[in-house]
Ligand SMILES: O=C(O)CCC(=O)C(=O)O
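The chain below stands alone and is given in structure tokens; this is the form predicted alone.
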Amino acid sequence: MKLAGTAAPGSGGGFSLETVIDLERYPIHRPDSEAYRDTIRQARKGLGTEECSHLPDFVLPAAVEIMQDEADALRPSAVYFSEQHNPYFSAVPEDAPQWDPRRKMGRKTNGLVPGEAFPRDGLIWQLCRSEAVKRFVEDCLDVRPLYFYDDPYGCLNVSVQSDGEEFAWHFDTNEFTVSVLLQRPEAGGLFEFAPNIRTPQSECYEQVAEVVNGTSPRTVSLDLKPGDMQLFKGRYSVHRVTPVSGPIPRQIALLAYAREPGMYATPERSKQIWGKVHPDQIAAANRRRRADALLD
């Protein structure tokens, strides 16, 4: 299937916002309009209260269908992960009490398509690399400037979760995530989170324990539909993807941006995630182009 005004895989054509994004609802092509400002205000309201902005039907159904086909074709390229972890991806302290959430282990199981696998004339790649979409994300997050993440593997990913796979409760190390759901499973695969459950000053272990044990009234469940965009700040909001059920995998595109230009994963981190290191990552490490001095 081909969309008029967009590039079909291998065509080398251009990218047309009006055939990919619902511009009537999300007028990202008119950033000076009052309708655009209203959209930004609503997105910031969600991010300011629940650390989450849900943008239903951001991508038009016909474009989602093409992106699903692209994601299906890329599934053989996915690198698969399976690990046990607590919400902090940390070791369990010996003196931690039994109720401590650092003792609560869960599973992370999914496949991740690396950025280098995406056809550059495909719709997923062109959506990710759209200047108009990046400007919209900047305005929603009130973070500027943002740059396209240059890492050859992490610049764009599709996460694939099949029957029985999940991503247990966890906090993010990154400042924010931007995603578009491409395919919804028959059951499960819900995004659940507890907004602002910890603070920069306190881990709030007791409150986190209530969330991971299923007894917290603060947990929010979000059943994303294909085409929905989500902006999420997961540094202080513990979150998970519930186990997928059925033969249809959950597929979600993860659009990657950076706060500085020319950013790459460290060779060590790339080896840990992808099992390989790219020459560009080595060159970047030699230039010491890192946003901070943290390990990751």
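Each residue number is its position in the shown sequence, starting from 1. The structure presented is a predicted model; accordingly, all values stated were derived computationally and were not measured.
Below, we turn to the form predicted together with this ligand, even though it does not appear here.
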Q) Residues in which of 203-211, 167-175, 124-132, 146-154 have heavy atoms within 4.5 Å of this ligand in the model of the complex? A) 167-175
Q) Out of L55, C52, V64, I252, which one falls within 4.5 Å of this ligand in the model of the complex, going by heavy atoms? A) I252
Q) this ligand isn't shown here, but in the model of the complex which of M263, V59, V241, L231 has a heavy atom within 4.5 Å of it? A) V241
Q: Although this ligand is absent from this view, report whether F118 comes within 4.5 Å of it in the model of the complex, heavy atoms only.
A: no
Q) So in the model of the complex, does any heavy atom of F191 sit within 4.5 Å of this ligand? A) yes
